[in-house]
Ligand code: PEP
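Take a look at this one chain, the form predicted alone, written out in C-alpha cells.
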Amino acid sequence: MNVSIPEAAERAAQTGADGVGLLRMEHMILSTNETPEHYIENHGEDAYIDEIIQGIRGVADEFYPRPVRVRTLDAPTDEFRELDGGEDEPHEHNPMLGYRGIRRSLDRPDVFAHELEAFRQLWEMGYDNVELMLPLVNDAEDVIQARNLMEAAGIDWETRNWGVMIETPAAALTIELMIEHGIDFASFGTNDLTQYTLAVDRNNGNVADRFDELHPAVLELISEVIETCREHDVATSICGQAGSKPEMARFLVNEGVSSISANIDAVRDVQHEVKRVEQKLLLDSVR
C-alpha cells in the first residue's frame, strides 16, 4: 500500500497488505514546516537525519519483515515555498516540470547525502526491509550519479534493494539501460507518467478531463517496461493513484507485474481483483 505519513502506519499494517510500495519522505520534511536547508541550518545535520530515520522507522517497525519502499525527497518548489526558508526557492512557471525529485537531489548532493545517511543507519540497525526508491529519473545517467552518491555515503548498493520510479516516457523507453546499472525494481508513478505522456498538467482544471491513466499510450509504456524487466529478473510495481483502480489492476496482472501498491482504503478491493484475475489466468492455462 501507499503510506503518505508515518502516523498512518498502524492503520495501514492492519489491512493485511504485503508491504508498503510507497512511503513518501517529503511529508516527513514538510511536517517540520522548514525547507531541508533551513532545518539543517537551524537544528543541525544530525537532527535532520534523525527526523528522517524516526519517520521511516515508525512504518518499518509496523510492517517488519514486510518490505517498505521509501521514495527519496520529491516535492515541487511551490510546496517548499510555503515553508520557513522557502523564500530561497526558485520561482517556476510549472513546478511539476521543474526542480524536483532526483533532479534536485543530484543538484544538491550535500542535502541528498543526509537522506542517504539515514538509509545507511537504518540498514545498520537491521531494518533490512527498507528499500530505497529514486523519483523522477529520466535515464541511466541519473541512476549512475545516484549510485555513485550512495557509494560515497557508505552504502553497498549491490547488497541493498533499491530502484527507480518510472514517471516519464524517457525512463520507460530507457529502462533496459537503467537495469544494466544495478536497479532491483521499477515502480510506476502513474500520476506523473500520465501527465508527461499526454502533456496534461494534472493540476490544471481546464484539461482535467483529458487526464486518463488508462490511455493506450500510457498502458503501452507500462507494458514495455514490465516485459523488459521480466526478461532481466527485475521486479515491477505500481504506486501511482491508478493502482487503486480495478481496471488497472486487471491490466497489470495480465501483463505480469510483480506487485501493486494501492491507497489504504482500496487495498482490500485490489487484493480481491488480483485474486480473481490470477484465478482466471490459472484456469485458462489449464484449459
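Every value quoted in this text rests on a predicted model; they were computed, and no experiment measured them. Just count from 1 along the sequence shown to find any residue number.
Omitted here: the form predicted together with ligand PEP. The next part is about that form.
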Original post:
So which of Leu132, Met150, Ile102, Met165 reaches within 4.5 angstroms of ligand PEP in the predicted complex, heavy atom to heavy atom?
Top reply: Met165
Original post:
Pick from Arg81, Arg160, His114, Arg202: which residue has any heavy atom within 4.5 angstroms of ligand PEP in the predicted complex?
Top reply: Arg202
Subject >> Residues Val3, Arg69 and Ser259 all lining ligand PEP in the predicted complex, heavy atom within 4.5 Å >> reply: no
**OP:** Report yes if any heavy atom of Cys239 sits within 4.5 Å of a heavy atom of ligand PEP in the predicted complex; otherwise report no.
**Re:** yes
Original post:
Is Ala12 close enough to touch ligand PEP in the predicted complex, meaning at least one heavy atom pair within 4.5 Å?
Top reply: no
**OP:** Answer for Leu22 alone: is it within 4.5 Å of ligand PEP in the predicted complex, judged on heavy atom distances?
**Re:** yes
**OP:** Would you please decide whether Asp192 lies within 4.5 angstroms of ligand PEP in the predicted complex, comparing each non-hydrogen atom pair?
**Re:** yes
Subject >> Partner-facing stretch of 239 to 247, 53 to 61, 225 to 233, 34 to 42, counted where any non-hydrogen atom is within 4.5 angstroms of ligand PEP in the predicted complex >> reply: 239 to 247
